[in-house]
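Shown below, as structure tokens, is a lone chain in the form predicted on its own; questions about how it binds or moves come after it.
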């Protein structure tokens, strides 16, 4: 580091001193309007003079820091001239303060002007340091500066660099290494810049992947000053780290798809997590159904006596949810009885029951069924054949059953099916990839990326 760079590095330390002093001067000058604070007036001139001297030092160190060329020059120029202008205004105020004090309205407007200029200069400096929009980061306005949600229908056809790597860079790196700011003379917002590297050399070393600057920086301990992103910024997730390493180890191709790079089981799991963390979340849709008469109380009591838990969906919707966790007799008999009111049933939960394939032979009568839980039972693919008749089904849970990829494949053409939970079923990596490659509206959840959703939160305590 040469002397010029050393001087420039003092700017972030010095710049806060004049800001604090100038704010203090404005506050003190405002307080002198009141009789009990008039004694402050004697100190203001000295304090203001110290503030101007410290501002000049900040201008000098700021200029030397700008010579490193790590930020967008237009932003640097704007900040530089605004800072010079603000310092000049405070200097003029230093000499004209006494005259302005005699004119109350002019003095008030002057203080407001000084405060606005000081705030604007500080904002521009903050944008250089933290990136544009740093004041609104985490607020509703931040949506204007963040990357759009991921929109990938088929993860296997996604382009690894464009859809996964660059997407992550845009989310977590471009704020400091983009068109507005280039720390370390590095830009990560475009393919050509990534290939060019930065002040510390090439980002990617395909001959020795572990020696590339990109992978070295993101794998450093977060307490290391060279770790990227800096520890105060949002870090890469475990899934993103796996994807970056896989991409680089596979040759850092800029045009190949996920399938073309043959992901192993670890990468497949990371890809599923990545998609779940970043995918566009479907808006909650309030489903409108044809009105239906209220369930007859005698029928409801008969079902409850068999062990069914019967509840209406809402106060203004007479469709019902049936939960069969406490069935006293056989599941088959209970389902035969429930089929009598099948048009009312839109949710059917048979989790952890003694359910067998043959018990579902009349499932096709539940034509309005929208959600179905068959998890933790002994059903197989034969039972799923009955599910294929449920054209209104949107949610299916077959976690920890004896079903296979073949049975699941037969369900993929159901027109309204959106979610299938598959954790714990017999399925190989190749079968999983084959299922995920099918063009369908259904999202498959294998357990490594499952999230808590409202349809998974119906719990019923077993009767004593």
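Owing to the predicted nature of the structure, the values given are computational and were not obtained by experimental measurement. Residue numbers count along the first chain shown, from 1.
Quick note: we don't show the form predicted together with heme C, though the next part is all about it.
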4.5 Å heavy atom contact, residue 236 and heme C in the model of the complex: yes
Heme C contact at residue 172 in the model of the complex, heavy atom, 4.5 Å: yes
Distance check, residue 229 to heme C in the model of the complex, heavy atom within 4.5 Å: yes
Partner proximity in the model of the complex: residue 126 to heme C, non-hydrogen atom cutoff 4.5 Å: no
Contact residue in the model of the complex, from 114, 272, 203, 350 (heavy atom within 4.5 Å of heme C): 203
The single option of 385, 356, 376, 217 touching heme C in the model of the complex, heavy atom within 4.5 Å: 217
Segment that reaches heme C in the model of the complex - one of 221-229, 82-90, 155-163, 313-321, heavy atoms within 4.5 Å: 221-229
Sequence-ordered list of residues in 181-204 near heme C in the model of the complex, where near means a heavy atom within 4.5 Å: 183, 184, 186, 188, 198, 199, 200, 201, 203
